[in-house]
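Consider the single chain below, provided in structure tokens and representing the form predicted on its own.
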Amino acid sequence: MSIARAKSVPAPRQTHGAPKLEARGITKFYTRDGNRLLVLQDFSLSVAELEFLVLLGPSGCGKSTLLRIIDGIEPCDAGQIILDGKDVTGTTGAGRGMVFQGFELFPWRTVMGNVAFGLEVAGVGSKERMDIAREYVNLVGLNGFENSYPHELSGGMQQRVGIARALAINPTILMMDEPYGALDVQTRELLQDELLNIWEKQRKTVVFVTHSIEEALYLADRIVVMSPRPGRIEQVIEVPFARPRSDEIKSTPEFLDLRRDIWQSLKKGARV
């Protein structure tokens, strides 16, 4: 079954209006061993309000770099990042929350302290930020671990802290950079389901980076398949599966055929 024919399956949530986020003509070079490497070349992308968009591609194609540029923690050599119609290129904050693959928690802070960190930086008062932090600790299922430190938590629990920390600042767009890449398969699949439940409750626009085709198909409204470096858009796929989703769709012919088609597309440009 082709990707086009898969669209006969019930469509996901529809979004309307002006783009929530735009990357316009993003170009990025890195310097390595005295050589300039072109990582992203004239990369442009629009993300709709409340969309769950997944960036999928091989290692080194610029997925994570693009996310860091959107977040403002890494500069670009050319282009603009537009959020809610405003140019936020090179700035941090401004409605963006990031979840990293490596957790990046403060080891000297408890779960509550880590989740409350962004609120503290924003100048939110002690009682209010603790109340907000507790709300999000409960949301990600870590009630009872409020006073635990990162080294006392499993990898999955640490990533829940990272998600709670990003959500606590109430971002309008949530960015997730291969957040489950370091986890075992069982934990990864459980957290995928938890993320979808949280997303339905919180109503956030999400940009999610992964190299897993199955994860992309399970989570996304739309998948942007990127080429090897320099990163360009190779293909855009409207994921046809209705929400809410469950593991059962992963064994359907439609899901398996789409996974095969995407893999064939990625193989064409693969480098060994």
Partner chain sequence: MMPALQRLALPVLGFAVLLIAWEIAGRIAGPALLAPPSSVAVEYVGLLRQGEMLRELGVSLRQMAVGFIAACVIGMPLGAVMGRSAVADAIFRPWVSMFVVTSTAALIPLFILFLGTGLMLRVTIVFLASVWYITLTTYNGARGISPQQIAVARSFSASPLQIFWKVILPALYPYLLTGARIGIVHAIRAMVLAEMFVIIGYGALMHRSGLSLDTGQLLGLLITLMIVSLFFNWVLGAAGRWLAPWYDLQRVTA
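None of these values were measured; they are calculated from a predicted model. Residue numbers count along the first chain shown, from 1.
Separately, the form predicted together with its partner chain exists; it is not shown, and the next lines address it.
Note that among 114 to 122, 193 to 201, 78 to 86, 137 to 145, the stretch whose heavy atoms approach its partner chain to within 4.5 Å in the predicted complex is 114 to 122. Only one of Arg222, Arg68, Arg232, His211 comes within 4.5 Å of its partner chain in the predicted complex through a heavy atom, and that residue is Arg68. Site annotation in the predicted complex: the residue of Met157, Met130, Leu183, Ile169 reaching within 4.5 Å of its partner chain with a heavy atom is Ile169. Looking at its partner chain in the predicted complex, residues Gly93, Met98 and Pro107 each place a heavy atom within 4.5 Å of it. Along 139 to 176, these residues reach a heavy atom to within 4.5 Å of its partner chain in the predicted complex: Tyr149, His151, Arg165, Ala166, Ile169.
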